Ligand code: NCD
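What follows is one chain in C-alpha cells, specifically the form predicted on its own.
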Amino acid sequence: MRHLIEIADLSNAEIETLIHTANDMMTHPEDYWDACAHRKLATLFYEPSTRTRLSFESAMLSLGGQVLGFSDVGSSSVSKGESLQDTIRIVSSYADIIAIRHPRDGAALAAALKSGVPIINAGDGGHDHPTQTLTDLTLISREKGHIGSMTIGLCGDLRYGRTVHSLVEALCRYPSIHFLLIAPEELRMPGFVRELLESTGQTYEEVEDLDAALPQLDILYMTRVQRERFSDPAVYERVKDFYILTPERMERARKDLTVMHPLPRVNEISPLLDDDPRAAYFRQAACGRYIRMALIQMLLEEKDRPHELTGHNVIWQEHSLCPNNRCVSLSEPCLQWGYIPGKHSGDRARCIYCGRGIS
C-alpha cells in the first residue's frame, strides 16, 4: 500500500510532478472536478487543526469526492479507550484514503501498518508534517522560480516544530542551501536534524539574533512557539515572545525576501506586516489545498505500490526500547515495536516509528 508518512517517501521527481500538478489545478480546476468521484477521504484529527483539516476536506471535495471523519477525539470511540490501530482497521473499511493528525511521534506509521487504504500523515507530534512541507515547497517554487541556491532562515520554535523538521529534510535534497537556525537556547534545533544537515553536507549556523540575520536571507520561515509541546509552563512563558517580526524589523530585510509561516500565528508576526508584498504566509496557506489535491489523486492512482518500509531491514521486538517519551510505541500497548539497524559501522539504530536514535 502506498502511503505518505514522511517527505522521504517521495522522490525529488515526484515532488516536482506534484508541484506541477498543483499549479495546473490552480489554473484549470474544472479539469479535476471528477478526478476522485465516488471516493471517500477520512480525516482523523486527534489534535486541533484549521488549515490542514479544512484544506484536506476542500481538496477532496474539489476532486469530486466525499469526506468523513472526526475533528475531536471526544466525539469518537477514542474517548472510550479504542486503540489507534483498531480505529484505523475500522475506518479503512469505510474510506478509500485516510489523513491522520496525532500528538504522538510516529503515529502515522503505526496507522499505516494496519490500514487497508493509503495513509497521509497530516502531522504526528513533533516528528513530521510532510503535506505542510509540500505546501512550503510549492510556495518557494512559485515565489522564487526554483528550489535551491538560497539562504533560508528558520526562526522560533525549532525544537518542537515538526514543520521545520520536515522542511529541512526535504531541502537537504536540493543544492546550495545555507540554513540560519534562529532560536534561543531552549528552542534550538534537535540533534537528529543537525545530524541530517551534517550528513548531507548542507551548511548551517545557529544564531539568536534575528536582526543580524535578516539582511542575509532569501526566505524567512517564522514559527509559533507551541504551548502544547511544553511540559514546563515557565519555560513557555520565558520564550513565547522571543521573536516578533514587525514592519520596523523588516526594514533590515531585502526587497525580495519571502516571509513564510505555517500558521496559526500568535504574536510572532505583527498583523501590520500583512500588506507587505514580502508577506507570503496567506499565499502559502492557499497552496495547501492544491498540493493536497495533487497528492490525494496520486496516492489513489498508485495505491497498490508498496510503501518503502518493506525495503528496510526492521528488527521487531516484544517491548519498546525507544528513548523518546513522545513516541507512539510507548502509548499503544498492542503495537509491536521495531528498529532499523545502522547501515554503516558507527551508525545508530533508529526507532521505526519516530526515527529517534537508539543507543
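These numbers were taken from a predicted model, which means no experiment stands behind them. All residue numbers are counted from 1 along the displayed sequence.
The same protein has a further form, the form predicted in complex with the ligand, not shown here; the description that follows concerns it.
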{"query": "The ligand in the predicted bound form: contacted by all of Arg2, Ser92 and Ser115, heavy atom 4.5 Å", "finding": "no"}
{"query": "Arg51: touches the ligand in the predicted bound form, heavy atom cutoff 4.5 angstroms", "finding": "yes"}
{"query": "Partner proximity in the predicted bound form: Pro262 to the ligand, non-hydrogen atom cutoff 4.5 Å", "finding": "yes"}
{"query": "In the predicted bound form, Arg224 touching the ligand (heavy atom, 4.5 Å)", "finding": "yes"}
{"query": "is_contact(Thr258, the ligand) in the predicted bound form, heavy atom dist at most 4.5 Å", "finding": "no"}
{"query": "The ligand in the predicted bound form: contacting segment from 51 to 59, 34 to 42, 65 to 73, 326 to 334, heavy atom within 4.5 Å", "finding": "51 to 59"}
{"query": "Residues in 84 to 120 with any heavy atom within 4.5 Å of the ligand in the predicted bound form", "finding": "Arg101"}
